[in-house]
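Shown here is one chain on its own, the form predicted alone, set out as C-alpha cells.
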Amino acid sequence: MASPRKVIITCAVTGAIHTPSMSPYLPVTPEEIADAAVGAAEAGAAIVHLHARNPETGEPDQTPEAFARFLPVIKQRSGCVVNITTGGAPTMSIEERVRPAATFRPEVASLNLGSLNFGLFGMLDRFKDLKHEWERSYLANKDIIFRNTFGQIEYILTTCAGNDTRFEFECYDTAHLYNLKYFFDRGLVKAPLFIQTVFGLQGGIGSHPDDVLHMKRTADRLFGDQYRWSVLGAGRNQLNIAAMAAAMGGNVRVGLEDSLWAGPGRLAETNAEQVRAVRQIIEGLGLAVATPDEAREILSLKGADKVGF
C-alpha cells in the first residue's frame, strides 16, 4: 500500500500587515515570536516564516539585531526550518529588507517576485480603535506601491548567492510567475523552486477558486515538474484555499501574518491553533504532514547546521 503524500505546512507567525491593536494574540516581543514559532512547529509546521517587530510599539523592524533576539532561541528549542523574510514591510528599502537574510544565512528566505499596489486601508473599516499612531497612518496609506523591481529582485538573489539559501518565491499575480521564469531561464534560481501563490490581498490576485486554478495551471505550464507549490490565503480565505491546494497536490501556509481568525468572529489565540486546523484538513484528505527533515528533502535545503545563527 502506497504511503500518503507529505504536505509541508508553513506558519507565518507575525508578519508586517496586522497591527497590535487588531488582536491581543499577535506576537510582538522576541519572546512571543519565539514561543509562537516553537508552538507552531510542535503543532505540525515544518517551516516557520519570520518577521521581527519593535517590542514596545509592534511596528515592523527589519534590523538584524531584532531577529537576533529570537532566531537562536527557536533553533535551540526546535528543529523546524526557519524562513526569514526579505519582504519586511512595503515601506522599507530593499537594502533594509535583505539584511537579516544576508546576515543569518537561513535555509529559506522569502522573495517577492513583482511590484504591486498594496492596500491595507480596508482594515480600518473593521479595526477603528488603534493604540499607536503609526498603525493608523500605516493602514490608511492608499499610495503604497510594494516595490519589487527586476533590479531589486536580482539584488536580493545576488546578495544571498553565496549563502546556499533557497527562496520561497511569493507570487501575488500571474505576471510574478513570468518574472520568476525570467530568473529561472537565466540560471539565477534553481530547481526545485518553492512557489508560494498568494491570494486575497488588496492589490493582488483574488481568492476565487478560478484564481487558484489559474495560478496553478500557469505555474505548471511554465515550470513543469521543476517546482513545489504552496498557497497563502489571506484573512477568511486561509483554510478554504489551503484545503483546495492540498487536495490538488500542493503545500499550505497559515499563521497570524495572513489571518487573525480561527473562525467567523473568533480570533485565533495562537498560531498553533491555525496549524492544527489545517493539519486536520490535510489528514482528513488522507494525506500526511511533512516533518522538518522531510521538508528539507522535498525542497533540497542545506540543513540547519549551515545557517548563521
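Numbering starts at 1 and runs along the sequence shown. Bear in mind the structure is a predicted one, so any value in this text is a computation, not a measurement.
Not on display, but discussed next: the form predicted together with (5S)-5-amino-3-OXO-hexanoic acid (KMH).
Of the residues S230, S110, Q238, T165, just one reaches (5S)-5-amino-3-OXO-hexanoic acid (KMH) in the predicted bound form with a heavy atom at 4.5 Å or closer; this is S110. Of the candidates V289, I17, M22, L299, I17 is the one whose heavy atoms come within 4.5 Å of (5S)-5-amino-3-OXO-hexanoic acid (KMH) in the predicted bound form; the others do not. Within this chain, L201 lines the site of (5S)-5-amino-3-OXO-hexanoic acid (KMH) in the predicted bound form, having a heavy atom no more than 4.5 Å away. Shown alone here, G114 lies farther than 4.5 Å from (5S)-5-amino-3-OXO-hexanoic acid (KMH) in the predicted bound form, counting heavy atoms only. Using a 4.5 Å cutoff between non-hydrogen atoms, R53 does not count as a contact of (5S)-5-amino-3-OXO-hexanoic acid (KMH) in the predicted bound form. Taking the partner from elsewhere, Y172 is found to have a heavy atom lying within 4.5 Å of (5S)-5-amino-3-OXO-hexanoic acid (KMH) in the predicted bound form.
Listed stretches are 213 to 221, 124 to 132, 173 to 181, 193 to 201; the contact stretch with (5S)-5-amino-3-OXO-hexanoic acid (KMH) in the predicted bound form is 193 to 201, by a heavy atom cutoff of 4.5 Å. Residues R253, E257, D258 of 250 to 271 are found to place at least one heavy atom within 4.5 Å of (5S)-5-amino-3-OXO-hexanoic acid (KMH) in the predicted bound form.
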